[in-house]
Structures are given as structure tokens and as C-alpha cells.
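Have a look below at one chain only, the form predicted alone, in C-alpha cells format.
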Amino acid sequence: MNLEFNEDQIDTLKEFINISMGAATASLANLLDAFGTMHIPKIDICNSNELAQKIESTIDLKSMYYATKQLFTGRFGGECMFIISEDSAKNLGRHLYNVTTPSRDDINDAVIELTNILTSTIVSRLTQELNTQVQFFVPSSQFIDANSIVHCEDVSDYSKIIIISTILDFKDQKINGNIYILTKDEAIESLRVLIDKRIEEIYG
């Protein structure tokens, strides 16, 4: 099984991801009635046991986090993960529900609502660019410390993982979070095939 990407495949994937992230940012700007930006996405292919370290290197290990995960299946399947700090999540709850002190339920609902829009828009637009479709599962959310975001069982079925990551930033509202799209082995091979097909269709 070939899990390596050449330069053209990486460039095409980045282009599709940028389009997807742009669509997601626009959807969230409508939800929050605010201006937001997405940082340039990074693409890493790593061993499954490196996932926790990769995520922990991008967040504050002293903070608590809301970690929301949503699985999707299809020819290109995997998991979308959105991680937002407790402070940012509180700001999200305040802004979305226009309350001074949002309850834990308010905050959790706000995070789930944001994640639903974020993940469905990014993955749907990405798979649209790849001319394929996916099915989404109900997202799950946890309020946990930084070291508990990735569990051993989360990666036990993975050998290689492709990590597509970016940062969502609504600066004025002090809301930001990290987005990760994780996919593995067979899905990585399928992704390569889909990208090659689209390159052929676009450039001939």
C-alpha cells in the first residue's frame, strides 16, 4: 500500500483544503456575525504513536479543553477533531448566546454547534472537490485536560495518519481553536487515488 504523496498531490490537496477552510470560515462568520480567519493549513503524515505529541505541541498543556470529535465514512473516511480552550469556549458561549456568564451546558452546546458547521463544511467541500461523498456520525464532546485529548485506543487501529491541521481565529471575540482532520491507511491510499483523478480531470 502506497501511503506517500508526491509534490503535485500535496499541492493539490493544499489547494482543496484552502477552498474548504474558506467555505467553513464564511459559514462560521455568518453564525457568529463576526470576522474570522483560518491559518494556512499544515499537512503531516506520521506514525500513529506520534499523534498525541503533534497535537500537544500546538496547544497550552496547562489549559483545559473542549475536544469534539466527529467521524465520517466513505471512500475518503476519517475523523474531524476540534479543540478549543476553556477560555475561548466561554467567550464563544457569551458571544453566541449573548449572556455574561454562560452555563456549562451553554458552552458545550455552542462548541457542538460550531463544530458541526466547521467539520461538515470542511469535509463536505473537500470531498466535493474530490468528487466523492461521505456520511457523518453524531459528534462527541469532552471537557478534558491537554494530556487526555488523544487516548491509546483512538489510534490503536492506525499505522500511518495524515493530519491536516489549521487554527480558527476570531480575534475580536477572543475565540480560537485547533482543527485536525485525521485519516488512516486505506483512506490515505484512496485519497491519493482521488487526488490523481482530479489532477487528470483538471490538467489533462
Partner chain sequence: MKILVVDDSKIGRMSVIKSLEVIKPDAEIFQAVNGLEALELFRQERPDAVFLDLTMPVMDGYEALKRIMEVDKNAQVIIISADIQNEAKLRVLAAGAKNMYPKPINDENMVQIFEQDLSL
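Whichever C-alpha set is largest while still superposing within 1.5 Å between the two forms counts as the rigid core. Nothing here was measured: the structure is a model prediction, and the numbers come from that model. Numbering follows the first chain given and starts at 1.
This next part talks about the form predicted together with its partner chain, which is not shown.
Although the partner is absent from the chain shown here, A26, H39 and I202 each have a heavy atom within 4.5 Å of its partner chain in the model of the complex. Although the partner is absent here, T183 sits far enough away that none of its heavy atoms falls within 4.5 Å of its partner chain in the model of the complex. In the model of the complex, its partner chain lies within 4.5 Å of some heavy atom of R125. In the model of the complex, its partner chain stays beyond 4.5 Å of every heavy atom belonging to I144. For E189, no non-hydrogen atom is located within 4.5 Å of its partner chain in the model of the complex, even though that partner is not displayed. Looking at 10-31, the residues that come within 4.5 Å of its partner chain in the model of the complex, counting any heavy atom, are D11, T12, E15, N18, I19, G22, A23, T25, A26, A29. Once both forms are fitted on their rigid core, the CA atom of I195 lies 2 Å or more apart between this form and the one not shown.
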